[in-house]
Structures are given as structure tokens and as C-alpha cells.
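Consider the single chain below, provided in C-alpha cells and representing the form predicted on its own.
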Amino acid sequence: MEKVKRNILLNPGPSTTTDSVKYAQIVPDICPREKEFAGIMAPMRDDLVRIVHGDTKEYTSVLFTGSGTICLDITLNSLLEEGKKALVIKNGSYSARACEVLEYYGMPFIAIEQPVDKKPDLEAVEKVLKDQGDEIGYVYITHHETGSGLLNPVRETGALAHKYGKFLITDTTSSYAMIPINVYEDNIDFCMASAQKGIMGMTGLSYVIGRRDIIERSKDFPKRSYYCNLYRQYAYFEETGEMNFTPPVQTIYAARQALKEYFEEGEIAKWERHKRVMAAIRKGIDEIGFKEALSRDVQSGLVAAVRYPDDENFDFEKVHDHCYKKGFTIYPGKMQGKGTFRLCALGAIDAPDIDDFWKVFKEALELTGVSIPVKYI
């Protein structure tokens, strides 16, 4: 197998992939309605549930063609009963996106506004559930706010939702298959991800993992989308083993290989590798004198949001371009009103890759006249 030029992607996805995953896409042309192809998706659906330790009799996964946002759209619009409101813990870019989805459909919701750099106040969440519980259909929280690196208390939020008879939807797009998740211990009823993130596959395939009983009950909920409906796709899978509409064929072959490699590496070993990568990222941050937007005790350990230094010579685009030419990709921040860039511990990379990155990054600072250690006012 010929090696492909390897780029180290420190953006929050798509992630660096192995050559074996890349080459898994090179297959004979096949009609996706053939039984041979449908036979690939059935075990894949079970594997996606296994990653979060779900019982496949109680939980299932439903595959969709699209980026991670399609799963957010699908779960939020498909799972709200008539006459109910969604309850959203809003404390970052991706929980704000959840609110935008609900607004776009004209769906009723309650947003509990919380700081973007701290864990949410669970007492405030419980107060809303206690006072307005009869009106609420489900609770939504982002597990890992990729824009900032904040790790939200999903387990505790799910426990509160269950205490008041609600179910929990959490966006695990940038934590699934990296941070160990157990749907039972973490009180998760629905979670979601995309192939290009945690399993280190290719873009174009996303999936919702959730409780069969709630999905089946949702067939009587209001139909808000033809293409993005969870029950419709689930029922078609159950009946035929296929997607309702054309699947991303080559991407699914890559995902099959990525899942094989996920289980070969193992949940714990993979998480330990991601932690090694983040330790190397933090070592470089500290050596250069950078400051982060969030305290490390509230971070996921997958994303560092680094504040721009107070140096008139610092130019993110110039630094990015130098790193990019040398095979390293960094990414601008996504925190409202704050100049940050993100360094992420995703993908098929390890600590030595980060050591090489910091050498190139320091070169970029020196070439653009930024003092090291960097300065803050």
C-alpha cells in the first residue's frame, strides 16, 4: 500500500486518518441497494452502540448522510412531542446552534443561559424542571463544547432529566469514541457523532445512538422534516437494512475499517493516547507562555482554546499558513468576542507529532516577529 502524504490536523475535525482507512474507500463500484452493501451497515450499527456500552436490544444507531449538524437537526426536531418544549442548556457555540435549529423550525424551547467558560449551574436547571416540568419534552446539553473545550456535566444533567421524567439528548460529536461514554452510567438517552471525528473515518456519515422505545414512540410526534426524521430512517433500516435515501458508499467502507481499528486499539488505550497528545499540547503552550481561555479543570482534555497574545506582530493567518506549508493545520477559535485559536487532540496522532508541531509553530512566531515567551497585558 503506497503511503499518502501525512498531514497533522489539529483542527476539531475532520481528523488525521490512517492510510488503511483512506484506502478502504477504494472498492469496486456497487449499487447501495445490493444485499452485500446492506450487510455492511447492520454490524456497523451495532458497533456504534457498543462504543457507548449500550445493549442493542434497548439502544440502536441510525445512520445519516451528512455532517454532524444533521444529527442535531434530526434529534431536536424528531423527538419533541406536540405541546411540549425543549429545554436547552446554552453555554457555547454548539448549544447556541441547537437553539438556532429549534428557532428555524419554530419549535418552542427554554434556553438556560450559562457562562461559556464554566460548568453550568445545575440548580438553575433543576429549578426550571421543577417549575415547568409539565411543559418540557426533553433536555438537551452539549457534552463537549468544541469551540471552547468545555466538558459539560452530562451524567448529572441526565440524572436531573430522569428525576423529572424527561429524557436527555446530548451532542457527543467531538467526544464520542474518545472520552469513554457509558449510556447507562452517564444517563444518556440519545447521543450523536460523525465518522470524521472520534472513530477517525471520513466525512459524510453521521449517526444518532438512542433508545429504541423513544424512537418508536416518536412516530406519533409532529413531522417537521421529510429527510431529517429519526423514526422514518429507523423504520426503513429495521425493515430493509438500508438507508432510506442514497448512502455515502465509500465513506461507509472507510467507517467499517475505522471501527475495526477502534476496537483493535481499545477504548482505554485510545483515550490514553488522546491524553498524551493533550499533555504534549499543554507542554508547548506553557513553554511559549500562552494563556488559555478556560481553566484546565473544566476542559475536556481534547481541545485547548488558546488566547491570542498581546503582540502587535501576532497574525493568526500568517502563523497558520506557515504551519500548513509544513503539514500542520491549526484552527481559529469559536468563542464570542475573544481572539483564540484551537489546538485539538483528535485523530490518528500521538505525542511525537505534537513535539514536531511546536518546532514549526515556534518558527512561525520567530519569522513574524512575535516575542517568545509571548506577552499578555
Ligand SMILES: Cc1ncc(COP(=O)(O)O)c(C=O)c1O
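As the structure is a computational prediction, the values presented were derived from the model and not from experiment. Residue indices: 1-based, along the sequence shown.
Absent from the display: the form predicted together with the ligand. The rest refers to it.
Note on the interface: of 25 to 33, 321 to 329, 49 to 57, 66 to 74, the segment with non-hydrogen atoms within 4.5 angstroms of the ligand in the predicted complex is 66 to 74.
Think of it this way: in the predicted complex, the ligand has a heavy atom of just one of 138, 231, 237, 94 within 4.5 Å, and the residue is 94.
Though the partner is left out of this view, residue 148 does not reach within 4.5 Å of the ligand in the predicted complex, counting heavy atoms only. Heavy atoms of residue 174 reach within 4.5 Å of the ligand in the predicted complex, making it an interface residue. In the predicted complex, the ligand sits within 4.5 Å of a heavy atom belonging to residue 196.
Although the partner is absent from this view, residue 142 contacts the ligand in the predicted complex, with a non-hydrogen atom inside 4.5 angstroms. Shown without its partner, the chain has 12 as the single residue in segment 1 to 40 with a non-hydrogen atom within 4.5 angstroms of the ligand in the predicted complex.
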